[in-house]
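Look below for two forms of one protein chain, each set out as structure tokens: first structure 1, then structure 2.
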Structure 1
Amino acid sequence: MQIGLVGLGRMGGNMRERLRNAGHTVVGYDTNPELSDVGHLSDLVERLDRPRAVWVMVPAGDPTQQVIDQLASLLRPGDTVVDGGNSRWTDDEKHAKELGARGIGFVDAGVSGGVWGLQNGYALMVGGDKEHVDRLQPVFDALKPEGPYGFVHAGRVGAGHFAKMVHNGIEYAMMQAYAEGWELLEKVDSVDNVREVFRSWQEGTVIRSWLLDLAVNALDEDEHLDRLRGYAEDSGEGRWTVEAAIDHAVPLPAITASLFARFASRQEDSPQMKMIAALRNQFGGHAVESAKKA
């Protein structure tokens, strides 16, 4: 299948490679000419046979809106746009309406897998009309992990990004629990090998997970996380999850507390946030801040 891919950063570039490895034809465009297959977005559209499919992997908000606006003028009825970035689900509804007025289909895709997706595959949560989702199924099948899991048509437009938002809210709470446990273990005198305690949990325990594996990776690289500053950003989806919970009167005490803990990390050098920062760097390649030298 042919597909255009706009945005060739950490995830987009790896997605291009995974799709090509599966035999698909990918025309990539990025504002960085060293990464791009074509010089302009219009060149990407011209290289694709109709009906075209274009996958957008750029930051949420204005950057995504700008690309959607350009594609609206370049594509034709019967073409389809996929937003695979971390857009808010309410933006999906707006984009679907704008493109639909021109006869262009729209699918929102929540994508999880970070920098490991090329090797392991990406978990995909998509929203949109069945006809548009079905048309893109070969691409979804190539990107998802092998086996029966890792893909869901979650519902109508907006459902994919809403599901990914909730996924990230759960992720916040899980990382916070590991971070709190790690700090407590580091604090007591009786435990003198915290890294190996974490490693021992990787098999046979109810808290084993990929995040735990990544925590061990981080501790192998920096046993006491001394090289990190206890500061962690939030991607926005944690906030949106809490806002949605308020709108629907759903109690989310763990997720809300984990979001507020990140806010607290910006006020002082938090030991827990060293672990949060390390985990975000491990699974998503997110930037970390080095500890200040005394």
Structure 2
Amino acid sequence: MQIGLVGLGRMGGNMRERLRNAGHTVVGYDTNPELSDVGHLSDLVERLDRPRAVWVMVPAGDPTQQVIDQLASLLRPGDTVVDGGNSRWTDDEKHAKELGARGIGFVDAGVSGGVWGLQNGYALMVGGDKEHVDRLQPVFDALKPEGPYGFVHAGRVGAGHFAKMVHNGIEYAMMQAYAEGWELLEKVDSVDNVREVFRSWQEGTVIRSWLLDLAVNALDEDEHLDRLRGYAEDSGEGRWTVEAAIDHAVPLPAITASLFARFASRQEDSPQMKMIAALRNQFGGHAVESAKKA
């Protein structure tokens, strides 16, 4: 089928390629003319037969909002927009309402797969009305991995991004699990081959996983990770997961601990631990370490 694709960065570019390999006709637009198939978003819209489907793959927040706003005026009743970016689920209902007021359908799609997606397929979690999801099914089928997994119609508008957000929250805690275990093994004298311990876990254990495979890859490249700093960004979805949990009074101790560990990793010095040091000094006369000279 025909599909418009807005945003041809690393993710969008690979998705265009995977869709074309599957025989679909993709008209891509990007603000970078070297990547774009058309000069303007309006050209993209004109090049598609009605009813049109346009997949938006730009950063969450303002960039996505701007594209949605433009599409609201360029598209016609019966067309459908898919937001495949990392939008917060709370934005989805807003976008669905804005587009729905003009008769335009909306589907939110959480997309997982990273740099491996072009080859192995992207896991897709989508939300929206059945009629809109069904129209896009050939596109979803081309993007998803082969076999019975990797696609779910999770629920109504917002459910796709919500499921993807929770996926990422789980991902945080799984990464933290391996990371904690690795640090402990590295600290202990009796274990002299932590990388091989990790490698051995790849079969026959309860904790075998794709992330474990990646950990072994990383240790093969840099056995003690000496070339890295212990500094980790967070992409937003971990924060939203904790906020959603707070909204629903669900305790998420492991996922939240994983998020906070990332926050702490980015601090040159910890203000809260300065206060701890100050208090210890006040009541116990404990020695404190002075701040480093600039």
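FYI, numbering is relative to structure 1, first residue = 1. Keep in mind that what you see is a predicted model, and the values were worked out from it rather than measured. Rigid core: the largest C-alpha set superposing within 1.5 Å between the two forms.
Of the two forms shown, structure 2 is the one predicted in complex with a further copy of the same chain, while structure 1 is not.
With the core held fixed, Glu131 shows a CA shift below 2 Å between the two structures. Superposition of the core reveals a Cα shift of less than 2 Å for Ala177 between the two structures. Core-superposed comparison between the two structures: the C-alpha position of Glu146 differs by less than 2 Å. Core fit done between the two structures; CA of Val191 shifted by 2.4 Å. Superposing the rigid core and comparing between the two structures gives a CA shift of 24.0 Å at Lys274.
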